[in-house]
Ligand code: C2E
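Shown below, as C-alpha cells, is a lone chain in the form predicted on its own; questions about how it binds or moves come after it.
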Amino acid sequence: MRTRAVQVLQLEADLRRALKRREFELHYQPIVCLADNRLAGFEALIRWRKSDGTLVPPADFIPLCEETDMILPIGDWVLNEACAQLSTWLGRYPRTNMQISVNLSVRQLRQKDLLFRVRDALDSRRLPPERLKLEITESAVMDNADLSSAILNELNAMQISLSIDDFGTGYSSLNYLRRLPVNTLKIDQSFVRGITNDRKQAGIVESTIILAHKLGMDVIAEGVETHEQARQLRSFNAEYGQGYLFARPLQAGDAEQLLAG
C-alpha cells in the first residue's frame, strides 16, 4: 500500500510538471460515415510526450489521473485545446461539416462549474456549440444517474451533442437511457471485433444498433479494423465507424491533410 501511495504521489507530481511544461499533445482519430466514407469528425485523444521524446501510453497515466484531481486541469486543457484546433480548421476549411469529440471524466461531470467551463471553451474560440460532442462512459453516467441527467440536460440545452462511450462494457439502466438527452451510442470495440465470425456477437451489435435507433440516437462503432467489419456494420445500418481501418489517431498536421483532401 505504501509503494502504491508513493507511485501515485510521484505520478501526480510528474503530471503537474508535464502540464506546466506543455508535454501533453492531442492526437485526432477520424470518425467516418460508413455509407460513403465521408469524414464526419475527430475524437481528440491525449498523449504525453516527455522531454526526452518518449511517448507515454494513455493506459499508463489516464487511470491514475482519474484517481486524483489532476484529471480536472488536464481535462480542461484537452477541452480548450480541442476547441482551439477545431476553430482553426473551420477557419481554413469553412465548408466542412464536422464535430470534435472530447471525453468527459466522472470527476469533470461532478464539477459545479462544468457548464461555465464548457461555455468558456466554446466562446473564447467563437465555436458554435453544435460542433462539440462530449463523450461520457455509461459507468460515469450511471454512477449518479440523477445528477448526470440534470447536467446532460443543461449541456443539451446549450446545443452540445452528447455520446455514451464504450456502450456495453459498463452497466446501464434502459429506463435512464431513454430519459437522457443522448445523441449517440458508441459501441465498444470488444463487441465489434467478433461480428464477422461470431453470430452471438453480431446479434448483440445489431440489437444495440436497433435499440439506439428506436431511442432516436445514431451509432458509432469503435475499433473497426477490416473491410468485412465495415460491411457488416453497414448492413446493420450503423451510421459511423472509427478505427484503424480508416486511420490511427493522428497528429494535428496529419489530421488536417484529411480535411484538405
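Numbers follow the displayed sequence, beginning with 1. Owing to the predicted nature of the structure, the values given are computational and were not obtained by experimental measurement.
Beyond the structure shown, there is the form predicted in complex with this ligand, which is absent from this document and is the topic of what follows.
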property	result
Three-residue site N103, E135 and E225 fully in contact with this ligand in the predicted complex at 4.5 Å by heavy atom	yes
Listed residue that, although this ligand is not shown, lies within 4.5 Å of it in the predicted complex (heavy atoms), from Q111, Q85, S149, Q189	Q189
In the predicted complex, the one of L127, L115, I71, A145 near this ligand [non-hydrogen atom within 4.5 angstroms]	I71
Partner-proximal stretch of 197 to 205, 38 to 46, 211 to 219, 232 to 240 relative to this ligand in the predicted complex, 4.5 angstroms, heavy atom	38 to 46
Residue contact check: V78 to this ligand in the predicted complex, 4.5 Å heavy atom	yes
4.5 Å heavy atom contact, D120 to this ligand in the predicted complex	no
Residue contact check: L64 to this ligand in the predicted complex, 4.5 Å heavy atom	no
Heavy atom within 4.5 Å of this ligand in the predicted complex - qualifying residues of 16 to 35	Q29
